[in-house]
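Shown next as structure tokens: one chain only, the form predicted on its own.
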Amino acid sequence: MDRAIIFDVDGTLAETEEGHREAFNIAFREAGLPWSWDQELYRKLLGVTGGKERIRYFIEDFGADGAPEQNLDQFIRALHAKKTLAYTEIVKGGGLELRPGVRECIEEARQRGYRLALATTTTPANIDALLGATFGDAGQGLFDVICAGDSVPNKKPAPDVYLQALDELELPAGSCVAIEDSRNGLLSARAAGIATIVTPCLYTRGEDFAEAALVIDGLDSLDFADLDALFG
């Protein structure tokens, strides 16, 4: 089929952000840092996409004690690597489940002949862990294209990751629909010219989704007739 559905990952496929928050706190403890991100603080930090970028934002804008004055980039990379390891262990241990309707949506889309893709700022290791834990060995084969992590210069809300997905799918924006959970993700997809369905998650409920073609509580309430109408 010459149509594709492009999914975000964190917050869209699964309510992953609590797992990410826990993993950050584990990494901080292991590094001997006196940092702890509660839900209120993490909600603010989620305004910045990308784990390494989020750590830098916390250091530079919240005056985090314990960050070195020298070699900050190296410090952030090492700390984020600890966080990624902690997160993948949480996922592999069964700590996360798919959001309601996600599995059924993917299965029906494949039965209808849609091509599927992922466009996300999370790392490939995080994607591998989530797909493996929720879909088993079949997880990687579900998606024709996976654009993730640092594969593009600018992260959401910049359109880079969606533009890369369109390029790898070899499809125009009008032949794709994005499924997102956040305003940053929505702005990223729309900047790439892609009609977008939003399913708000724990940390994004209440955000402005005025640019969305459709806002629904979850993919368990998605009607494929509504989805089909969004293609150009």
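Numbering starts at 1 and follows the sequence shown. Keep in mind it's a predicted model, so treat the numbers as computed, not measured.
One more form of this protein exists, namely the form predicted in complex with a small molecule; it is left out here, but the text below deals with it.
**Student:** Can any non-hydrogen atom of Tyr42 be found within 4.5 angstroms of the small molecule in the model of the complex?
**Tutor:** Flag for Tyr42 set to yes.
**Student:** Is Glu17 close enough to the small molecule in the model of the complex to count, meaning some heavy atom within 4.5 Å?
**Tutor:** Close contact exists here: in the model of the complex, Glu17 approaches the small molecule to within 4.5 Å, heavy atoms only.
**Student:** Is Thr49 a contact residue for the small molecule in the model of the complex, using a 4.5 Å heavy atom cut-off?
**Tutor:** Contact check for Thr49: yes, within 4.5 Å of the small molecule in the model of the complex.
**Student:** For Arg103, is any heavy atom within 4.5 Å of the small molecule in the model of the complex, or not?
**Tutor:** Arg103 lies outside the contact set for the small molecule.
**Student:** Would you mind picking out the stretch of 105-113, 136-144, 79-87, 92-100 that comes within 4.5 angstroms of the small molecule in the model of the complex, counting non-hydrogen atoms?
**Tutor:** Comparing against the small molecule in the model of the complex, the contact stretch is 79-87.
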